[in-house]
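One chain comes next, on its own, written as structure tokens: the form predicted on its own.
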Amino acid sequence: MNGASSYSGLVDRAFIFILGTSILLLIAVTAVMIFFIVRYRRSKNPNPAQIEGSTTLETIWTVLPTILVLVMFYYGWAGFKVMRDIPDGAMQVTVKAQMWSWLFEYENGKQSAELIVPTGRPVALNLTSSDVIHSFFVPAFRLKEDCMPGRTNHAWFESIRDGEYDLLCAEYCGDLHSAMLSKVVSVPADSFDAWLGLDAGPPTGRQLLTLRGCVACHTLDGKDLVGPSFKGVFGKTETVVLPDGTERQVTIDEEYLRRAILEPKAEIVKGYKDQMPEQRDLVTDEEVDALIKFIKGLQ
């Protein structure tokens, strides 16, 4: 095992202890079972005798498992307590999960589709979801916590070495659950401070497609995914389905794109499912304008 967070060793020790104990018990029980099968087989004991209970034996198999369970509880509780006690002064990052992408927002307002963190500095996560239950899971950090709509969960970690670590969703959340992937990128503290303080200006339309999770459902190369591709969509005539089930023809213009972003349930392109969450509270007017401008150019 090769954990990459400050408390991964605690988790590993608890896992190894429980696994080792289980293996030893399996071997012991199997050995005793085989011994009894051989020793008391029918050919050697045609007339079985009644065996009375043993207070000593019953005491042993009651006390020993109780001690084992208490030791397992201690190891589990020791690791759990550390994982739940967020250190004072930890850097705050808001994690926003949605089908099927991650967005990370820092205290200064900077946003990223990957979680960039400083090595050796504790990071506190405020986890939310804009649609369904997701689960923030970084195997290398031994960290997993649910992101739930309507509430904020909390977790923390401290990366102990530089590197890139897989981040995935561990709660089935729909068609593209398995593609809900990102990275935790741990860099030296001075490099992180320089990155965090870098003013790159407002995100471009292309950057917004990633930050807002649009590319999880819409491609840029003409291939359909969960939703229609953005390439060449501007100016096309499509059949859309209204909330009451009626259909009508629309031309994909700026007005339609704006409505489709802010109120996606109002007019769903025929042949696609109603899965896109409303973006009204997730994007600004300037971001909508940037998205529309970029989509218009994908001809």
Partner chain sequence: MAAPSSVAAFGTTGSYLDTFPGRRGLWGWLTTVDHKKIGLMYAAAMFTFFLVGMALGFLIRLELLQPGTQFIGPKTYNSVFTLHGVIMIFLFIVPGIPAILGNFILPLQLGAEDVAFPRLNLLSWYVYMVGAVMALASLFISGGPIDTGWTFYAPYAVNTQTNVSWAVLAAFVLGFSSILTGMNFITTIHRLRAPGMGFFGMPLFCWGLYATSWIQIIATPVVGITLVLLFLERTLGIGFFDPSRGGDPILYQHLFWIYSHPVVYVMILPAMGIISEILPTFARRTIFGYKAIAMSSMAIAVVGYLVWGHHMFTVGMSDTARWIFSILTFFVAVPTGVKVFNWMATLYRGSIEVRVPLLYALGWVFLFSIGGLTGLANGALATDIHIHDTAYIVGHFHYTMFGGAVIGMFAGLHFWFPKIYGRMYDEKRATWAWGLIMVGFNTLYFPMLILGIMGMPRRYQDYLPQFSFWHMVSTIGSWILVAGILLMFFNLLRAIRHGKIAGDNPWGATTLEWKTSSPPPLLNFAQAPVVTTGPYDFTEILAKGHDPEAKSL
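Take the two forms, superpose them, and find the largest set of C-alpha atoms that agree within 1.5 Å; that set is the rigid core. Just so we're clear, the structure is a prediction, and the values are computed from it rather than from any experiment. Positions refer to the first chain, counted from 1.
Below, we refer to the form predicted together with its partner chain, which is not included among the displayed structures.
Engineer: So, in the model of the complex, is residue 65 in contact with its partner chain at a 4.5 angstroms heavy atom limit?
Structural biologist: Taking the distances in the model of the complex, the answer for residue 65 is yes, it comes within 4.5 Å of its partner chain.
Engineer: Although its partner chain is absent from this view, report whether residue 290 comes within 4.5 Å of it in the model of the complex, heavy atoms only.
Structural biologist: Flag for residue 290 set to no.
Engineer: Report yes if any heavy atom of residue 106 sits within 4.5 Å of a heavy atom of its partner chain in the model of the complex; otherwise report no.
Structural biologist: Outside the cut-off, so no.
Engineer: Is residue 151 part of the interface with its partner chain in the model of the complex - any heavy atom within 4.5 Å?
Structural biologist: Contact with its partner chain, yes.
Engineer: Can you say which of 205-213, 190-198, 118-126, 82-90 gets within 4.5 Å of its partner chain in the model of the complex, counting heavy atoms only?
Structural biologist: Selected stretch: 82-90.
Engineer: Scan 159-176 and write down, in order along the chain, each residue with a heavy atom lying within 4.5 Å of its partner chain in the model of the complex.
Structural biologist: Contacts from 159-176: 166, 168, 169, 170, 171, 172, 173, 174, 175, 176.
Engineer: After core superposition, I'd like to know whether residue 271 moves between this form and the one not shown (criterion: C-alpha shift of 2 angstroms or more).
Structural biologist: After core superposition, the displacement of the residue 271 C-alpha between this form and the one not shown stays below 2 Å, so no.
Engineer: Using a rigid core alignment, state whether the CA of residue 63 is displaced by 2 Å or more between this form and the one not shown.
Structural biologist: Shift at residue 63: below 2 Å after core fit.
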